[in-house]
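One chain comes next, on its own, written as structure tokens: the form predicted on its own.
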């Protein structure tokens, strides 16, 4: 037997093999034993004793489906000084993620079959979690001509989500054409909702704080106008629209209206928009500069309520690593973005579970089931009821709900250190992550 902190395992611990997770609590329910074999969950019940299995004593740990992040920036190819697929997926596994969707704003842009296949293969070779490339909507993210959507969809990477994230597809005709194109293979266009003319030179949320600091403001209407336009287009075309990083109370209301029409519109919210407000910008610390900007406490309250009632479908990290020279500079010159893969679950627990807005099953839906369904994962559970049952793919995360940990930027697996939570004590800790029955994390450490 080997001792791994609070987790006891029997040899060997490497490889998928056969695993007996003893005393886990699926979705926070009563303890049961779970047996993993051949990449699948093969048995669930009390008092199991499978022969020849690695034993993980999981007393007190919650079991949730492996988390899925629809919005991750892995930076490779081109900006390996900020992140690589290997380092980013290590961070993802430590955060409980078994699948991440890698955004297209790499260098070169992921706008061809060749680039998306490169990203997909890098993820497969790293092995920490599945990497699903997001293809660009337009060539070079320039918003002029559609990228090779069909070629990326039929490539080995099997792209189903397309986004110019970091740039808005502001041309309504081009957006309509993209929605029409992906409808043929049930793809989804993920829009970065930012009307460019309304946000020229914007430095933060437009409001009382921006007026006091003398910084040019980004009005909420710049986000809301694009969401309203694109929801109308999606309804007209009958195609799938996904709205990235929703940040305003008005956006929640527009999404609620669009869904009441039966249109195929989904949306995500980031952990930082569920917790942080624009008051933090008074420090002029560039770590709080993000796109879209941090909003008001009223917006935070509306976002939490929208996530709780299902108007917002899921949480996505918008993990945005930056090299020091791009972030540790004066506010106006700093690039927007925060790292978030390793802290996402804890922030969600703090904002949604500890406030009573979601239970563990609800959190699992918003961080695993719903994003898997939106992203078109082949093994996605349609409603989550079988995600931790016999016959399901063995993608799961074990969480210690009683643990607390302090964020140390220097200890993060990401190559970048731009976390807004440095020194903050957070609830919940990932103890183990399994990818198709193979442990990628044990006792909070990469295997």
Partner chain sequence: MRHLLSTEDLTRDDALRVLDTAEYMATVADRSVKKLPTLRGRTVVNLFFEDSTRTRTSFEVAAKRLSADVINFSARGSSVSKGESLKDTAQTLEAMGADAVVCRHPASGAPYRLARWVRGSVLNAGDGTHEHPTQALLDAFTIRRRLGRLEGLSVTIVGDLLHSRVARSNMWLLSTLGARVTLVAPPTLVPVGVEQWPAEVSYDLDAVLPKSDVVMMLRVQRERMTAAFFPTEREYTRRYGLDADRLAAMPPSALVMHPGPMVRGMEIASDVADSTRSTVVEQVANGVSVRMAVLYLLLGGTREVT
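The structure presented is a predicted model; accordingly, all values stated were derived computationally and were not measured. Positions refer to the first chain, counted from 1.
Just so it is clear, the following notes concern the form predicted in complex with the partner chain, a form of the same protein that is not shown.
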| item | value |
| --- | --- |
| In the predicted complex, the one of 285, 279, 359, 80 near the partner chain [non-hydrogen atom within 4.5 angstroms] | 285 |
| Interface residue in the predicted complex among 250, 306, 207, 336, criterion: non-hydrogen atom within 4.5 angstroms of the partner chain | 207 |
| In the predicted complex, residue 186 touching the partner chain (heavy atom, 4.5 Å) | no |
| 4.5 Å heavy atom contact, residue 332 to the partner chain in the predicted complex | yes |
| Contact label in the predicted complex: residue 211 to the partner chain, heavy atom within 4.5 Å | yes |
| 4.5 Å heavy atom contact, residue 215 to the partner chain in the predicted complex | yes |
| Location of the partner chain contact in the predicted complex, chosen stretch of 323-331, 121-129, 69-77, 144-152 [non-hydrogen atom, 4.5 Å] | 323-331 |
| In the predicted complex, residues of 167-188 near the partner chain [heavy atom within 4.5 Å] | none |
